[in-house]
Structures are given as C-alpha cells and as structure tokens.
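Alright, here's a single protein chain in two forms, structure 1 and structure 2, each given by itself as structure tokens.
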Structure 1
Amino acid sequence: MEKEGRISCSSYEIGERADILDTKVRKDLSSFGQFGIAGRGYKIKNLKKKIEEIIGKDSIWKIAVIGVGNLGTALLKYPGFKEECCKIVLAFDSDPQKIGKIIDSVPIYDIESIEREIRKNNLKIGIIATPSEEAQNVVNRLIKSGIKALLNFAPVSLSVPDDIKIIDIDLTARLEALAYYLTHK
C-alpha cells in the first residue's frame, strides 16, 4: 500500500489483502500495542515501522546460504531479500568450480571453512539449500558454529536441539496440499 502511494488504511483493507477478517488484524496488533486511530484506521508508514520494530527488523540480520545449486543461486538473487532486514552475506558450497566466485556480491566459500566463517561473522541465521543427504550434517556444523535459526529447503526432517528454531519450506508438501484441494472439490 505504501508503494501505491497511500497514507492510511483500515484493518478491513489489510484483512482483504491478507485474506483474514478485519477483527483478526486488530486483535493480533492489539497484543503489541495500539497503533490505529478510531474512525481513521492506521497510518501506513507508522504501522509498518511499528511492525518492523516488533519483528526485530531494526537490527539487520546477516544470513548464510549453504548450497549454491539452482535453488541457492536463486536465493542469492532473490529480490525480496535485497531491501529487507535480512541480508545474505555468505554462501558455502563444496564444488571447487563455485568456491571463490561471487554472486550478487555474496562470496562463495568452501564448505570446509563453514565453522570458521560463521563464527567470525557472528551469523545467527542459516538457509539450507543443499541436497537432502547433506542437510543434517550441515545443520550440525552450523549449530556448533553458533547458528540459532534455520530455514530449510531440503525435503527432509532435520533434528535440532530445542533452543534452535527451524522453519521448513517443503515445496512437495505444498503441491500436495494443492492436489488435495483439487481432489476434494
């Protein structure tokens, strides 16, 4: 909405775009504070800033991508990551052809140096874009190096200690959800 040049909006409009009810928008926001004006709605710029504060976007999170195959490369070039709080600063791969190269100003390091580089740069977030077979091993090494949160694209279930947050992006499961929908009306 900000990009559309708008100044303010109602919870109803937010809900319309997020496909949820206005009342849920307000309830959810209310657990963090009061950001709107009765009868007028929310100032878009202000609300965005408040949400960024809530999420923790004021601090910039530096991220490592492990695995520079097709998916890893796509992530390095993903425009959504350019302007936001989360910046990919390091990539790792085991392929000598790739090591040393730079993609979109992100240097690709040898996966053997993963512990050293993660620790040196004090990274806390890692993205797993390796083949499934290597994912668990990479995760173990990342955690040993101080990584606290993971985004996993490998279609396997990874085991991590309780204090490590892991979010799985299981594309096959998502497509299966669509197939389920089509099969059942």
Structure 2
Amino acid sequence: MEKEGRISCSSYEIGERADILDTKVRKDLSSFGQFGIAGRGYKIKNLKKKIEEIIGKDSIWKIAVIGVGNLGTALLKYPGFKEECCKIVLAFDSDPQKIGKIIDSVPIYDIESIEREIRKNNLKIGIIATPSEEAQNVVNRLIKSGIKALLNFAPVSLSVPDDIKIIDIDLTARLEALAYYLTHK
C-alpha cells in the first residue's frame, strides 16, 4: 500500500491482502498497543515502523554461520540478508583451506575459536550448516557461548534447552510436501 503512494489503510484492507478477517487484524494489533484511529484506519508508515519494532526488525541482528560447505557458502553470498534485519558477520569451519578466507566480506574462522569469537562479537543467532554428525557438538558450543536462537539446516534433530529457540529447515521434507501437492492437485 505504501508503494502505491497511500498514506493510510484500514484493517479491512490489511485483512483482504493477508486473507484474514479484519477483526483478527484489529485484535492482533491491539494486543501490542494503539496504532490506528477508529473510523480512519492506520497510518501506513507508523504501522510499518511499529510492526518492525515488535518483530525486532528495527535493529540489525548479527549472525554466525557454522559450516562453510556449499550451503554455508550460499548463505554467506545470499543478498537478502543485506536488505533485512540480519547480517552475517562471522563464519566458522574446520577445513584449513577455508579458514582465513573471506566470502562476501565475512571472515571464516577456525571452528576451534568459536566460543571466543561468538562472545567477543556478542552474537545471539547462529546458523547450523554442518554435517549432521557434527551439528550437536557445534550447537552445544554455541549455547555455551551465549547463542539464544538457531536456524538448523543440518539433517538431524538437535537437543537444546527450553530457553533456546531452534528452527529446523528440512529441505527434503519441504520438497516432499511439494511432491505431495503436485500428486494430489
């Protein structure tokens, strides 16, 4: 709507675009405070800013990638991180041929320095792109270093304490879901 040159919008319009009821939009937004004016709707610029604050997009979150194989390298080169609230600042690997190199301005450190570098840079988010047999050990080290949120690309279920948020990205399961969709379309 903002890109259309609009200044304000209604909960009905937001609901239409998100395919949810306008009452749900109002209820959800009201749980975070007062954003709109009854009968006039929401100022788009203000609403966007408030939503970015709520989801933590108003600050840059520094991230470490652990494992600089094909997937890790692709993540380091992914341009979307530069435009969003996340910035990969460190990478770790055990391969001596990768250690010391820089990919898209991200230095690759020896995995043995992970605790020191994570603490020194005060990182809270890590991306696991290691082989499955190394993932749990890496996660344990990250948690000891202060990491509180993990995105796991390793094809294994990882054990973490209750205060650590982990999101598993299982590419095979996603592809199987697409195959199922196509089969039963």
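Here, rigid core means the biggest group of C-alpha atoms that superpose within 1.5 Å across both forms. These figures come from a predicted structure and were not determined experimentally. Residue numbering: sequential along structure 1, first residue numbered 1.
(request) Of these two copies of the chain, point out the form predicted alone. (result) Comparing the pair, one sees that structure 2 is the form predicted alone and the remaining one is not.
(message) Superposed on the rigid core, does the Cα of residue 171 end up 2 angstroms or more away between the two structures?
(response) No, the C-alpha moves less than 2 Å.
(message) On a rigid core superposition, would residue 133 pass a 2 Å threshold for CA movement between the two structures?
(response) The answer is no, as the C-alpha of residue 133 shifts between the two structures by less than 2 Å after core alignment.
(request) Look at residue 30 and decide if its Cα position differs by 2 Å or more between the two structures after superposing on the rigid core. (result) Yes, the C-alpha moves 2 Å or more.
(request) Align on the rigid core first, then pass along the CA displacement of residue 180 between the two structures in angstrom. (result) In the core superposition between the two structures, the C-alpha of residue 180 moves 2.5 Å.
(request) Fit the two forms on their core, then tell me the C-alpha shift of residue 39 between the two structures in angstrom. (result) Comparing the two forms, residue 39 shifts 8.1 Å at C-alpha.
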